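First comes one chain, alone, set out as structure tokens in the form predicted alone.
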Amino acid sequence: MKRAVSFVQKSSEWVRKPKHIDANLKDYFKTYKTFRWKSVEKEFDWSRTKKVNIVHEMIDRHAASTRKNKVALFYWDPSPSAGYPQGRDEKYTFLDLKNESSRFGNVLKKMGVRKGDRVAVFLPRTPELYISILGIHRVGAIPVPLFEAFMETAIEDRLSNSEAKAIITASQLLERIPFSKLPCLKEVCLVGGDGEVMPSLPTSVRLISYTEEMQKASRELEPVWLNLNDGLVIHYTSGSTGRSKGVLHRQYAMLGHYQTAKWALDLRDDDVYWCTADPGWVTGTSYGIYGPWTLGISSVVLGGRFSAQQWYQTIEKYRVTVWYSAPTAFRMLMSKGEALPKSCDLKSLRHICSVGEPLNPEALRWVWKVTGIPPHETWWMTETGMQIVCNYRSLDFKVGATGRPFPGTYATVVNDKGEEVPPNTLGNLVVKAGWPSMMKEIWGNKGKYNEYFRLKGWYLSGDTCYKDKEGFIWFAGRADDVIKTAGERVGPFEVESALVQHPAVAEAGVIGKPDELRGQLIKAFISLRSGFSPSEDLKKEIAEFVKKNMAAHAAPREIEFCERVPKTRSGKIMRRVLRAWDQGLPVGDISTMEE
């Protein structure tokens, strides 16, 4: 493999920390040598009672302690909406969440939901979303969170694969659910929509009102007790080929969520913490729900659409101390200038972390400038379930570096044979198998699960990296073609599948194109069917078609018409050729291209 000289040249700028900074992880190097995951088990009640359910560890044990009246969830959405003409400004204590999740658990029991059933949650970011997920855990079922921007095709893929029995959704999202294609889906719990005319559902599907059923439900419900290997959550993640994959995590993953939230996010009892991720993505559950609440931390959730002003106001309003967001969000804030952050009091912040895609140095420096705190990158994946490589609050780090492995894990760089490579050599980023939040399985696809471990003893991430002489890992790129746009992973295959459903599209190939704001934007190369001619209006129509059938973030922002989409003789789209076309570079070896 080639030496990564161009990357090494970026590594000279350091973020230096005060010598005696007060952090939960005080001595990284000593801890890394001595830490064992077994020592964390004593932090959970199940280590003594042998009764396992994450809702007890997140909510019930705090509700039975001095934390019972502590605010667990601050919720703010200043935008008027149906039923809330003045917006929403609410707070829920740990005792409130115990009561509300017990009510909803009783609603689920009435719906026939039992241990191990998959229940989808397809809601905007509202308190009801969080209460629903807690209630699903309480009855021992497995939540399948869905991002509210998903359209019919994306929903069908996920619900069909998981064989979800029930779904919690809102009236404005109901029409996107293709009930006729989902024979396993029998129950719908509708949040809002009171008095509205609802679309007709198949006679096999029962529709109930969240509001009405919650008013009638008891607030008493003991959790269904599980074991450590029982299912916790299924998150779907996109790949470069095939449909999205259902990543199942187990209850034991709570160890990883708890300890990384304590050491990487540096959360402590008096913090007010804001994770900006939606629970439709793994960050929004691992670190928007599980991590902070197992620690008994107060969390902030901001509803509605993105508004730079409201983001800064949220930090000021709740005196946020720890902020976890994405490089795309930082770049969007940066694009609005320095006047807005200067107009708000951000002095409460003491720690900022970044997730979702590599943190570019420009965004890091800008956030550092306006807040006085440099964002600390965290690398992990849906499949890892927890943070694996991080920059830590107590430790100096290099601008642009992804970070160092989390204690209790071993992440390194290997060649295609699984052999560790010398410093500053590009290779595959791998993690030694066995950390507590490692995925349990790929739902219904054992072969795909085994692919991740084809290098014996290693979890193969699919990222290419190098490790410098001081032990910092540096991200270089994806080994596959997954597109990260605005912090969200999009599989080219999914977008291509949506594109070719348009009557004008004969073939489609999709790539990620570098973009200053989003990290990558989606670009589609399209060959048209006979009888259709290229035009700007057709480009807009095709993009809108994908938006309506999949999701807004998955719609191509650029479309280029071509005579043929380059493919191998076996029919695989040659995306490297598309990238070369886009960037005006040589296409390289095309001996495998179809004639």
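In case it trips you up, residue 1 is the first one in the sequence shown, and so on. Worth saying up front: this structure is predicted, and the values here are computed from it rather than measured.
The same protein has a further form, the form predicted in complex with a small molecule, not shown here; the description that follows concerns it.
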Original post:
Though only this chain appears here, would residue 382 touch the small molecule in the model of the complex if you measure heavy atom gaps against 4.5 Å?
Top reply: yes
Original post:
Can residue 243 be called a contact residue for the small molecule in the model of the complex at 4.5 Å between heavy atoms?
Top reply: no
**OP:** Tell me, yes or no, whether residue 484 is in contact with the small molecule in the model of the complex, where a contact means a heavy atom of each within 4.5 Å.
**Re:** yes
Original post:
Does any heavy atom of residue 478 come within 4.5 Å of a heavy atom of the small molecule in the model of the complex?
Top reply: yes
Subject >> Of 409, 101, 402, 437, the one that lies within 4.5 Å of the small molecule in the model of the complex (heavy atoms) >> reply: 402
**OP:** Counting non-hydrogen atoms within 4.5 angstroms of the small molecule in the model of the complex, say which of 250, 165, 489, 398 makes the cut.
**Re:** 489
**OP:** Look at the stretches 113-121, 509-517, 176-184, 352-360 and give the one with heavy atoms within 4.5 Å of the small molecule in the model of the complex.
**Re:** 352-360
